[in-house]
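One chain comes next, on its own, written as C-alpha cells: the form predicted alone.
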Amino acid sequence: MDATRLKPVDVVVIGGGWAGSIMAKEMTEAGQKVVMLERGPDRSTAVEGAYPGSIDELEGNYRYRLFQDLSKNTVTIRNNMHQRALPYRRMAAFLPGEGVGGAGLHWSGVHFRMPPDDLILRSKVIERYGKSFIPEGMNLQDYGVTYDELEPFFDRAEKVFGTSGEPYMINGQVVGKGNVFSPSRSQPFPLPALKDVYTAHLFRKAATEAGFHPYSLPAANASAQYTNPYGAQMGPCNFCGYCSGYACYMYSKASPNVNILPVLRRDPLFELRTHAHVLRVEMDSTKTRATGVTYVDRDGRTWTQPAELVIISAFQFHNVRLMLLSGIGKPYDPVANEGVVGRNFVYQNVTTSFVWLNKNIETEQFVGTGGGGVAFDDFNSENFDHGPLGFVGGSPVWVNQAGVKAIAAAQAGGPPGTPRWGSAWKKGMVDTYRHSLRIDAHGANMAYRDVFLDLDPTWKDAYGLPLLRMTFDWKDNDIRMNRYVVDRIGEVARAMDARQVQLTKREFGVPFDTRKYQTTHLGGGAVMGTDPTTSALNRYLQSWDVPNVFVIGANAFPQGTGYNPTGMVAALAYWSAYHIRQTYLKNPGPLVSL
C-alpha cells in the first residue's frame, strides 16, 4: 500500500522514552516543530500508576503489561555464528518497554554518572598495561568524549530526574561520605540520599569491616518532595517495593511520564502520535540525507512524515535495527571485520549471590525502592590493579533491595539443599524471605569481534521486515572478572557472620541462557567515536553518513559498563541536543569534519 504523505515538520523523534522525551523537549525549546512517534500506546502515571491496581505483581512482573509485545516484533538469538538464531518469544533475560515512557516508565531508578576512565577505556588500559593486555578479538574503544565535557549534562539530567544521593567531592573539595572513587561534581545532588533499608545497613557495615568503601546508590527515587527545572513535581518515596516493572503511584520515581511529558504535552510545537510503528527512515537519491520516516498506524495505514531532522531514540535494539533497515551506515561484517552498524554489541555481566543470616535477624525484604541501596566500587572500572589479574573491566557490588514480592519469594525457594516441594520447601522459602539478603555483582561486558547484531535472513516481524539477530555469548575475560569480584562478596558475607552463602559465579563453558532474567541493560551496535571505520556515530551522536540523523541511546556505548546505563543515556541526550541547538540548527551539516 502506498504511504500517505503528511505535512513536513522540523524534527521527527522516534521513541517516547527518556532519550526521545529529552530530545523533543530540547528541540521545542529551540523553536522546532516536533512530532514524536511511539509505536506503543499512550501511558501516564495517572492511569498506569493508579493504586491499588498498579501494585499487582502478577500483572507487572509476570504478565508484563508495560513491556514489548513480542508477538509483533522481537529479536532472534544465537550464541555464535555457526548456529541458527531462534526468536525470543517469551520475556525472560531482558525486558524492553513499549508505550509512552518506554523502559523509563518501568525502570528501577538507579542513576549513575559514567566513570571517567570508562569513557577513555582503551587509552587507559594501554597506558597502564600496554596494548598487548587487550585480548585478541576484543574491540576496546574510547567514547570520543570526556567526563569533563559531559559533567554539565550529567548535572542537568540529575536535576530533571530529581536524583537522590550523597556527593563525595564538589569542585575538587571533599564534602561528604559519597563514593570515594567518583569524580568531582559541579553541584550537589538535587536531593539527599535515600535512607538505608536494613539489609543495606548490614551490607554497609560489613563492607566497611572487609576494607571496602561503601556509599549510598544514587537514585532517581525522590527522598523528599521535589520540583524539577521544568516545573514537574515529585513526591517522596515510601519504600513500597513496587518500582522495577511498575509505574510509581507515589510519583516518586523519575520517568518521562512524570518529569518531562506533562510539560511537553502542553507545548503547541509538540505532537505525540502513538501506535505509530516506524518502518524505515526515508532517504534522498544520494543516500546521504534523510527526508523523513514511514510508519504504520494501529489501523494498518501507512504514512510518510517528512522532516528536516530525524532523531532515532528508541530502545537500543530498535535503534540499531532501524539503521540497518534504512541503510544508514555500513552493516558490520564480523568475518571481514568491516562495517559499523551492529558492531560492538554488549550486554551486562550481572550475577546475584544469596546470604543467609542468623535467624534472629529479620531482613524485611518486602520493603524496598528501585534505586536505593549501598554499593562499593573498589573493583569497578579502573579503580584497582588489573595487571596481575589479567582481565579488562570491573564491577560494582551492591545491595539494592527493591522489594521482594510474594511470587518472587516463592520462586526463590530456600537455601541450597532445600527440597523442591513439601513442608521442608515451605520452611526453606520462609527462611530465605525472612533471614536472607541478595548481593549483586553488576559487572561490565566488553565488546568482541564475533559478538554483534545484524538482520536475520529467516525470521520476519508482523510487517514482513527482517528481525534483528543477536549473536552473543560470555567470553573468558568477562567470566574471570565476574568470578574475581564475586569472591569479594564472600569476604563481605564472612564479615556479616553469615550462616550460609550461595556465591553465584559465571561458569566457563556455560553459554548465555535467555530463559531467566539477567538485566535489560543492552548496549552498543551503533557506537559513538572519532573514527568512522569503527563507529557509526560521531562524538555528538550524529550519523557519519547521514548528517541529519542523530541516534540517541545505549547503542552508542562502545563497550559495557558496570553501571546502569540510564544516567549516561540522559547525559548524552542533553549533550547531543546542546550541540544541535548551538551549531547544527544554525548551519545544518556534519558537526565533525572527516
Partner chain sequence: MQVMAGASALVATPGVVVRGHAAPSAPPHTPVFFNDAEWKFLNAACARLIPGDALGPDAVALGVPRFIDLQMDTPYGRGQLWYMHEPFVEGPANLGYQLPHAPCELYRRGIAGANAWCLHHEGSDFAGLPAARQDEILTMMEKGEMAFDDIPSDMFFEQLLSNTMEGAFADPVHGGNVGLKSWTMIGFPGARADFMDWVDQYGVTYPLGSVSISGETA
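Note that the structure is predicted; figures quoted are calculated from it, not measured. Positions refer to the first chain, counted from 1.
One more form of this protein, predicted in complex with its partner chain, exists but is not displayed; see below.
Residue in contact with its partner chain in the predicted complex (any heavy atom within 4.5 Å), chosen from 317, 143, 347, 242: 242. Think of it this way: in the predicted complex, its partner chain has a heavy atom of just one of 382, 378, 155, 196 within 4.5 Å, and the residue is 196. Looking at residue 285, you'd find every heavy atom of it more than 4.5 angstroms from its partner chain in the predicted complex. In the predicted complex, at least one heavy atom of residue 511 sits within 4.5 Å of a heavy atom of its partner chain.
Under a 4.5 angstroms non-hydrogen atom cutoff, its partner chain in the predicted complex has residue 459 among its neighbouring residues. The shortest heavy atom separation between residue 425 and its partner chain in the predicted complex is within 4.5 Å. Candidate site formed by 213, 228 and 507: none of these residues places a non-hydrogen atom within 4.5 angstroms of its partner chain in the predicted complex.
Annotated contact segment (heavy atom within 4.5 Å of its partner chain in the predicted complex): 401-409, selected among 401-409, 333-341, 300-308, 111-119. Heavy atoms closer than or equal to 4.5 Å to its partner chain in the predicted complex belong, across 69-90, to the residues 69, 70, 71, 74, 77, 78, 79, 83, 84, 86, 87, 88, 89, 90, ordered by sequence position.
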